[in-house]
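Next comes just one chain, in structure tokens: the form predicted alone.
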Amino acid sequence: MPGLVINPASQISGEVNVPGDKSVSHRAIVLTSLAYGRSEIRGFLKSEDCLATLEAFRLLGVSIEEKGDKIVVEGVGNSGLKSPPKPLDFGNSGTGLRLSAGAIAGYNVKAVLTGDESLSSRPMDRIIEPLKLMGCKIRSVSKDKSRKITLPLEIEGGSLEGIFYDMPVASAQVKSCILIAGLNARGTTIVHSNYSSRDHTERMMNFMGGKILVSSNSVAVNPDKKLHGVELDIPGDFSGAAFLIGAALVVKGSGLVIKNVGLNPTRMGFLNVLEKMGACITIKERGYGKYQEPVGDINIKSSVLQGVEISGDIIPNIIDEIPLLAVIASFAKGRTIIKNAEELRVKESDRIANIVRNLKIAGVTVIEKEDGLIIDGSSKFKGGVFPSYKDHRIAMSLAIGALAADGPSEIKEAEFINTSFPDFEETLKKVAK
């Protein structure tokens, strides 16, 4: 199959909207499915990942219908989930699978959870351990001879006990899995981490009437407060907007406005890094409106960027944007050092190794480290044929670099972009001049 062909752009300009937030869309399906009463969701991202989560909850007995521009969910708060008639296939979606495992754990349900080749290589012990501590029967039935704890998972849910869990690795997916299981546990469930991570789950639970308490780096869920159906608007996906921000920064003479983007504070690390690099970005906040998250417009102008060091506490909040930051750093003056990002090696692909390989194809001077990479930036980015390694974020990141390259480029296996940003190519065509 031909890849995505990208020609260099003379500028990135105009006003554009991005699709609904992927992280929020997953949580919207999971939490409204568990709620008491009907919910209406607008702005749901109809990507492959989010649709896999939607279909999984249909198989778990939840009535979910598409009516015009909204998704209508009849929550099962009174009756509970049902054992699905076949394995639940989450495709490439680690978020959908891990959150769903937490939901299933609290009901008298038996289910098998599986996914594609990439998801089946990702570690699942991170959710197995805490769910077992809560009393869930869950195990990996993988035939992987390396003895990695991976998919498929067998889950037999039921009676759970609240726990205090100290996460060894900061992960919004794992935190959310435990908090969702805690909705049906006896007693309070507390999740602690040394680093903060995305708080979409906590915000949405409270928006739906739950009782979530946040103190320092600990989050507690009280099961006495039940979730109720709501009208929910999903803001534009900041992670999707990040690619357009990157494009406007590296293509000279650009000026772009991205409308109605989610501005969750735990997602703003990307902008904080760009600000340190010297990026010209302004935000016009629009408050909450009908959203459970803050939204606003982002105005970007092409900028002369400087290399920086990226490490420590900020890493969990920019983990998805690091491949893109590596590409942006290729156009900055001086050296950019990215450290403490070893989590990238167990994403949809080994994102450290794969972004390094691609940057070398582009002629960028880059050094791979176990927990990150070092980029010596310049204005030179050669067009070429770039493998995506079936990873949507690698593919989109290289497409942004290609917009400012010295010649045409091709991104191989670009169809995997559909897992998170189905309209990516069309959106680029709107803004690339």
Ligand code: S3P
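So that there is no doubt, residue numbering starts at 1 and follows the sequence shown. Since the model is a prediction, treat every value here as computed from it, not as a measurement.
This next part talks about the form predicted together with this ligand, which is not shown.
This chain is displayed without this ligand, yet in the predicted complex the stretch 163-171 from 127-135, 83-91, 212-220, 163-171 comes within 4.5 Å of it by heavy atoms. Within this chain, residue 419 is remote from the site of this ligand in the predicted complex, having no heavy atom within 4.5 Å. Taking non-hydrogen atoms only, residue 409 never approaches this ligand to within 4.5 angstroms in the predicted complex. Contact between residue 190 and this ligand in the predicted complex is not found at the 4.5 Å heavy atom cutoff. At a distance threshold of 4.5 angstroms between non-hydrogen atoms, residue 320 is in contact with this ligand in the predicted complex.
Site annotation in the predicted complex: the residue of 95, 302, 330, 354 reaching within 4.5 Å of this ligand with a heavy atom is 95.
Of the candidates 252, 347, 226, 203, 347 is the one whose heavy atoms come within 4.5 Å of this ligand in the predicted complex; the others do not.
Residues 22, 23, 27 are the members of 10-41 with a non-hydrogen atom no more than 4.5 angstroms from this ligand in the predicted complex.
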